[in-house]
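There is one chain below, alone, in structure tokens, taken in the form predicted alone.
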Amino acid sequence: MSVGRDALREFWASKVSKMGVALLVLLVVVSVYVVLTYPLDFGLRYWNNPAYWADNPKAVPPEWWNLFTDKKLPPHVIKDFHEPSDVRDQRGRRILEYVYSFDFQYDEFPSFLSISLNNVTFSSRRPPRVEIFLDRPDNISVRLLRFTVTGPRPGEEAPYFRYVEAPNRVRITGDKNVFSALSAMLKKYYGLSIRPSEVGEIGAEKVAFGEPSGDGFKVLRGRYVLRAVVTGYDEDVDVGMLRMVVGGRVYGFSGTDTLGRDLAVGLLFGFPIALLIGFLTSTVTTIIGAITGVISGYMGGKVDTGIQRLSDIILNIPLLPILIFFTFVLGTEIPRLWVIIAILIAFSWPSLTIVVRPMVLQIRESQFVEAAVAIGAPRLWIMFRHIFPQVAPFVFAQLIFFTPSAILAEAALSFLGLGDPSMPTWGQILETGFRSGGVYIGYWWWVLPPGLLIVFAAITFVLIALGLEPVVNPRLRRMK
């Protein structure tokens, strides 16, 4: 016990060790949080489901980017209504009105406007009508869009339910009818003859949230009111949820990719994946390498020769091509993550075996081993009771060294497009950014964070390994 306490004291005396342990604790805490809060099928159900991210802006930087830019970019806003702002009956009709008022004081236009209807109920054979209005700060009110909920089908009995499984999402600023409405507004209030197709080319959001200035449009700042009016023809008309979205030019803590996926969510999910790959691969690899190294060094003879020749053969096989080949061949039948882990284990243990063997050869000649042999102790007992404890500190240090190598290997495969598509990893996010041209377009928030997190995880274990060196090698201990 005193030897263990001395080793722990020596390890903890280093500032490098403390820093490495602090970073490791951070990795573990974030990983535990993700495991407890994310569903196990997050990759398939959410990350790779474009409909889940449909309300998000595409390829925008994080919100904190506003601190470093001259222009103040509008944040992304989602307003959900589970109850209407106002309900009134008028001439046998029931009118549900949803009102969202917001102050727009930014230097850029919104990226889009959209509205979603979920779980619409009505009993009349005449389906409800939905109208979208935008009241501007200059007292101009524009009816942007009008559409009708899908009516009853032949043979269907009341009450009728619509958009229950999936919401009816309407991209307001991408609708041709909106172009016509904004074209009419420009003609009526500004005397400008701009065709609806030209409004589409300019951008409906620029016309809706701007005013003519020179050859273009400038942002019209002030208070806007976005109204959705649902007109039903019976008392049963109801909307389970109505969502209004004012698309931002910045989003969240890490921005979004070209599919609108929240990169912060994907980056967080990469934490437990990185630790799983690193710890599982390094642990099993170290166990196999240590056992074969001890057996090879102590047994000698043909056993030693066989283990060493097998180690030499495996060690001289290039790992990356093997990883690429087996991942490509087996990845369709077995989850690629487990294929990657299995191959890393199968081809990584020989290096530890070769290093442990000469250490065991030296320990085998020590007096306490010879005494154990003299009293008839079994070989297995001698190897794991007397020899292994002598090499254990070095083996544990190698376990820490193997961990970042496994994380980097998985990241390299994911960057080559051979990662597990069922779950997002840092390497996959990085690969998607490169494949989509994010590097060349300037989407730095898509490329830098996953790369930095890969480096962060690797540095964490490197610092711990450096802190273990004085424990493993007494020559490196501090002078006392």
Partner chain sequence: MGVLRTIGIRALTLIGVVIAVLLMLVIVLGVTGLSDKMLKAIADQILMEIRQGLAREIKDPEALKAAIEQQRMEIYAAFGLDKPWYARIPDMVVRVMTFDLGYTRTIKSFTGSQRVADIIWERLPNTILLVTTAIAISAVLGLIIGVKVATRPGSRLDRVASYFSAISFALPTWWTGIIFIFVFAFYFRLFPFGGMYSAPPPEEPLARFLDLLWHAALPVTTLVVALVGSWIYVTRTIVLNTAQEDFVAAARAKGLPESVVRRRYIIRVAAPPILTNIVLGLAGSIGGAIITETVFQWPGMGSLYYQAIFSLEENLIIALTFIFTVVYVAARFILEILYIVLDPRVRY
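Residue numbers count along the first chain shown, from 1. Since we're looking at a predicted model, the values are computed, not measured.
What comes next is about the form predicted together with the partner chain, which does not appear here.
- Heavy atoms within 4.5 Å of the partner chain in the model of the complex are found in exactly one of 361-369, 256-264, 321-329, 108-116, that being 321-329.
- The closest heavy atom approach of V462 to the partner chain in the model of the complex falls within 4.5 Å.
- In the model of the complex, the partner chain stays beyond 4.5 Å of every heavy atom belonging to F68.
- Using a 4.5 angstroms limit between non-hydrogen atoms, D420 is distant from the partner chain in the model of the complex.
- Within 4.5 Å of any heavy atom of the partner chain in the model of the complex lies no heavy atom of V391.
- Residue-level contacts in the model of the complex: of I313, L380, A374, V164, one residue has a heavy atom within 4.5 Å of the partner chain, and it is I313.
- The listed set F269, F347, F133, F104 contains one residue whose heavy atoms approach the partner chain in the model of the complex to within 4.5 Å, identified as F347.
- If you take 239-255 and check each residue for a heavy atom within 4.5 Å of the partner chain in the model of the complex, you get nothing at all.
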